[in-house]
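In the form predicted on its own, a lone chain appears below as structure tokens.
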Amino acid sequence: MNGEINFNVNINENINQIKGVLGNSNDLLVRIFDINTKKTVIKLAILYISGLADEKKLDNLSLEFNQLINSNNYDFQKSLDTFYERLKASFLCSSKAMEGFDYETLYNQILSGNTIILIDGYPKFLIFETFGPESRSVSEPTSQTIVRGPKEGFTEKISTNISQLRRIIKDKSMKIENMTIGDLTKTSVAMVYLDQIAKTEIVDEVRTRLSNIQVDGILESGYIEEFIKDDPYSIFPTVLNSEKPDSVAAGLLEGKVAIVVDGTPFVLTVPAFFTDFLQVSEDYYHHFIIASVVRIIRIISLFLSLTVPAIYIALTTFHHEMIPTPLLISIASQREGVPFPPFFEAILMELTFEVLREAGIRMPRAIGSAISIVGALVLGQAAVQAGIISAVVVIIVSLTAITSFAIPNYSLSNAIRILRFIMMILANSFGIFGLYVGIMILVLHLSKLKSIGVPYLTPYAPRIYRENKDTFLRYPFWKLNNRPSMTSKSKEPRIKTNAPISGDKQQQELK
């Protein structure tokens, strides 16, 4: 706006122009009425979009407005400036009042669900926040199921999501910066961080990347994730997304920045490290030994999901001497009459399983799981009986599928699914040596990746010894006293108790 007033003072011309620009839509509601005074008549108009504006807020606004114009203790014969200021101040208790000067602001506000009040002959208009469409209530997350822990998940409403974070972290240092991204959708985006913990350079970098996004529309947080990635061509996720408020709050306490996008329950957290994608919030609600064992199981599952088919192909194609003789005889007897080499068998079954998994996701929920399970059993059994594939390949593919389900993050699981086929091709071409080269290239790629400028493999590359107590293993809480130095600027320890609290005072002194 730059302070320039380019708004027509004629209320009828304004209404006609607004209706014309919005296509004379039926959901644009215009209410025109007059306020009679002794000397003149003040003409007003209220405009809002039905369905975007909350009915309760509109009722409260209408009630206060009627009380104002019917009050006898105010002289409406004064100037329009005085009437405008009185009107603006009268609604501060029930709804936040703003003012506008130009048509662009008017269109943006009315399409955002707010209510506009026009005054005939006055070059400004009032804006009242009445946005409140029907939204999904807070419920349990569907993509991150847990046994123990908070069951509440984020919703598609940005104000609800921010309030959930505020309910967990009740500290004045929690800052929320609002912005609008998308030339056409004008999607509300909020950047949330703890000012006393988060590093200033990380906050500035996230703010810069978000402000540089120029796109027609943002429909989901995945749009923003792709724009702000350090390496856009890497299939590995470097931005963590979560439906759980406690997971996001834990990231904020470590100095990370959360990005909340209106219209999606998935909140982004940056920077994200590789170890973050193998952890779940439930790890901190169970005993640390149990949590550590479960994390080790996830790591083993990730490695098996990536390499088991490739190892089978390499051994049966190039390295028969590495297979125990009884097992080799059993595999050879099963493969008798199978017309395809091990590589083609494994590829065929892996592709079949991926198709079945995708079909199970896209089908209606009531029959999706049945199709995937029955399809896998029927096709696998029929293929073995027909002599197209051997039974051991069915076992290999089943083991791969089960281990892939143990990876807690869906984005990381998708990356492993793609890399599995690359490993199979390398193993079929060069044997174990090809698999080894593939793993080395993968490790080098992970070492090169960054998330908002922070190394992806932190705290292992670079090596930070005192910060590896909550990565592949989880140490007890009383030993997790240091915040991550890569994301936190606070030197104050987050754990002040350096020993378990028990009734035995002498035992505490010995420790």
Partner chain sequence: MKLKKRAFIIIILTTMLCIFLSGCWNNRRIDSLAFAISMGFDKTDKGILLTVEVLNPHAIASQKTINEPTVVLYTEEGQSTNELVRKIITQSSRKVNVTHLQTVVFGEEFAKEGISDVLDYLTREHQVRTDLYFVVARENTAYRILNNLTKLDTNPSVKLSASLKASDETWAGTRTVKVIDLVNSIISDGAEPAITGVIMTGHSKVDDNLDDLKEVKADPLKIIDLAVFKKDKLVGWLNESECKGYNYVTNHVPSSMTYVEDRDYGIIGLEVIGTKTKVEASLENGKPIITVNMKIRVNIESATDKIDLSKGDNIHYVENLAEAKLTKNVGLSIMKAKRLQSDIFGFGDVVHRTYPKEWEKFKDDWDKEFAKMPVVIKGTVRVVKTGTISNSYFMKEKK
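Positions refer to the first chain, counted from 1. Note that the structure is a prediction, hence the values are computed from the model and not measured.
One more form of this protein exists, namely the form predicted together with the partner chain; it is left out here, but the text below deals with it.
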Only one of 172-180, 394-402, 234-242, 335-343 has heavy atoms within 4.5 Å of the partner chain in the predicted complex; I'd like to know which.
335-343
Test of understanding: in the predicted complex, would Asn428 fall inside 4.5 Å of the partner chain by heavy atoms?
yes
Are any of the heavy atoms in Thr316 no more than 4.5 Å from a heavy atom of the partner chain in the predicted complex?
yes
Please check if Pro324 has a heavy atom lying within 4.5 Å of any heavy atom of the partner chain in the predicted complex.
yes
In the predicted complex, does Ala250 come within 4.5 Å of the partner chain, counting heavy atoms only?
no
Answer key: of Leu210, Leu304, Ala190, Ile331, within 4.5 Å of the partner chain in the predicted complex (heavy atoms) is Ile331
With the partner omitted here, the residue among Arg166, His286, His320, Lys124 that in the predicted complex has a heavy atom within 4.5 Å of the partner chain is His320
